[in-house]
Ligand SMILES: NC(=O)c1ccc[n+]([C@@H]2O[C@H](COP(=O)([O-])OP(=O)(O)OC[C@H]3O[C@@H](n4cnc5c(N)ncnc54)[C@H](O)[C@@H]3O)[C@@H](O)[C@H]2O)c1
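The chain that follows stands alone, in the form predicted on its own, written as structure tokens.
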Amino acid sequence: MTLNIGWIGCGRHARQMLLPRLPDHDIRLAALCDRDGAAMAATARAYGVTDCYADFGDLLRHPGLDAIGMAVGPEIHRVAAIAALERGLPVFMEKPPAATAAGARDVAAAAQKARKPVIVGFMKRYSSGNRIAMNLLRNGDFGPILGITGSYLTAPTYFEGEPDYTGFYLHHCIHYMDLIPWFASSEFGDLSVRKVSPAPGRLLLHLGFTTKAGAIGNIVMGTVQSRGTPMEEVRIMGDHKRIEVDNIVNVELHRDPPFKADNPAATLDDTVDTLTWQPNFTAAANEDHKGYSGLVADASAVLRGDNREMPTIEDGVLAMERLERMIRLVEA
């Protein structure tokens, strides 16, 4: 069954990352909305859309819609999602779900009242390496998680003119406020923050934390690296085991191998030696290792009424509450 979706927001992120994934999952762009007429017209031409609106209220009244999708600003996410839910339409939205945790809770309340799902685009859960890591944690013999470290950096050019770092917090840090507790399968316990800021627009944060399940860890985030280099890595430690995910695609599972130098019969043992995985970028396969395709695949199923384990508005509320807790510590 084709899903007819009304889409709000025709910016670069939507055009490059999200909208190209829709046809693969039998989702039809039935109508578009954006205040940028040129961006909306270009998107309409690309997808053969004839019905375009400058106001999302008009879009919501478009006949025959099955769902609403959006990738706009956090405040519009809040008000447009609530308006869509009041019309009985399920919602897919990019993160963050609102500008504040209170706003996210408003969306969650509206979703509960409408009995319709709201999906939040935490695509880090779907990145190839992160998915493999989570499957190892869930399906293997990894055992209890003892420690987690994560590093997720970006460049200052994103946030020039925003010395309050609002954009950095809401569009960048929010990812790890979802991803790290997801890996840990546990809420943060204690949380502390250290920071250094050599100049306006340049900020480096080190978060130290415990989880309620008993793990310890740290997260490094900041605006002090070039976007031209890999800037993301995760390490999950257990008892004589650890999983490392580098650049969201390279995965290593370390176990407890014996020393080999003094053993003339040494070989490789798939039960204890390190396992590695890297994607094959030379293959003629349209694989989306960032995770947007997997995210949209699950979203299309949920918007049709199926059950899938995926990030919902309730996860968005938790991520926003963690983010605001972090910000309070940063600004203290």
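Just so it is clear, the model here is predicted, and its values are computed rather than measured. All residue numbers are counted from 1 along the displayed sequence.
The same protein also has a form predicted together with this ligand, omitted here; what follows describes it.
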{"item": "This ligand contact at C10 in the predicted bound form, heavy atom, 4.5 Å", "value": "yes"}
{"item": "Contact label in the predicted bound form: R125 to this ligand, heavy atom within 4.5 Å", "value": "no"}
{"item": "Non-hydrogen atom contact L323 with this ligand in the predicted bound form at 4.5 angstroms", "value": "no"}
{"item": "Touches this ligand in the predicted bound form: A14 (any heavy atom, 4.5 Å)", "value": "yes"}
{"item": "Option touching this ligand, based on a heavy atom within 4.5 Å in the predicted bound form, out of G73, P230, G189, P257", "value": "G73"}
{"item": "Listed residue that, although this ligand is not shown, lies within 4.5 Å of it in the predicted bound form (heavy atoms), from H171, R105, R202, R242", "value": "H171"}
{"item": "Site test, F142, D178 and G291 vs this ligand in the predicted bound form, non-hydrogen atom cutoff 4.5 Å", "value": "no"}
{"item": "Listed range touching this ligand, judged in the predicted bound form by heavy atoms within 4.5 Å, from 179 to 187, 142 to 150, 75 to 83, 258 to 266", "value": "75 to 83"}
{"item": "Residues within stretch 80 to 94 having a non-hydrogen atom within 4.5 Å of this ligand in the predicted bound form", "value": "E94"}
